[in-house]
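We begin with a single chain expressed as structure tokens, specifically the form predicted on its own.
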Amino acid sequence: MIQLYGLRLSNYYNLTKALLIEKSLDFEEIKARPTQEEDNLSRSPMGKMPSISVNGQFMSESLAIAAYLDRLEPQPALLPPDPFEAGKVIELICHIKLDVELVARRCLPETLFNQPVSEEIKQSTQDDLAKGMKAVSRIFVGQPFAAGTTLTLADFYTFYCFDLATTITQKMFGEDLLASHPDIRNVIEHMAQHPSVARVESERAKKG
């Protein structure tokens, strides 16, 4: 059985949990905070969430775990069989993660923990988010899924990365990050009803 380490407050923990459910894999959730303690660093070199344990071996980073799960249990496939199309899915995920979600995270301390960030950081975040959204929109298909006509890993990343990014931009800037991106919003709304995601969100809402 796979052990999943982390906390339900993490969007990447919830994403990984949804993938485990999607693949109908047996797993156990183990609460583990993101610390720099040695036991956590042995699982995740940067001490981040999530990480998994498989037969005493550890793996971190959601995209690496997702790639492993897709090979461990090929069905349902979350990457296209065509190598180039599979690469395009990963390309889209990278732009969503690096150019949108990671940029928005610059303001996470103030959004979630009331730790003020500088006006310079706020302005650079807004400027870079605008660039990032333009980049994503160039390759986001949304007809009806993020990367084309079938469900892929990109749909899960769309749901969980934009969930955090839109929360941050709304609180920090009073802006709707998706106002001009109905295709992205449609994918998010569709994924909210997808069984594996719906289960994760339902369980996340419960206390404990």
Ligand SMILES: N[C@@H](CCC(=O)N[C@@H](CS)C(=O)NCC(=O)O)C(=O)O
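Start at 1 and count along the sequence shown; that's the residue number. Just so it is clear, the model here is predicted, and its values are computed rather than measured.
There is another form of the same protein, the form predicted together with this ligand; it is not shown, and what comes next is about it.
Stretch in contact in the predicted bound form with this ligand, which is absent here, among 146-154, 61-69, 178-186, 23-31 (heavy atoms within 4.5 Å): Heavy atoms within 4.5 Å of this ligand in the predicted bound form occur in 61-69.
Spell out, yes or no, whether the shortest heavy atom distance between Arg105 and this ligand in the predicted bound form is within 4.5 Å. So Arg105 counts as contacting this ligand.
Within 4.5 Å, heavy atoms only: does Ser196 come near this ligand in the predicted bound form? It does not: once this ligand is placed as it appears in the predicted bound form, Ser196 has no heavy atom within 4.5 Å of it.
Consider Lys88 of the chain shown here, and say whether it contacts this ligand in the predicted bound form, taking contact as heavy atoms within 4.5 Å. Heavy-atom contact with this ligand at 4.5 Å: absent for Lys88.
According to a 4.5 angstroms non-hydrogen atom cut-off, is Ile168 in contact with this ligand in the predicted bound form? Close contact is absent here: in the predicted bound form, Ile168 is far from this ligand, nothing within 4.5 Å, heavy atoms only.
Can you tell me which residues in 111-139 come within 4.5 angstroms of this ligand in the predicted bound form, by heavy atoms? Read in sequence order, no residue approaches this ligand (within 4.5 Å, in the predicted bound form).
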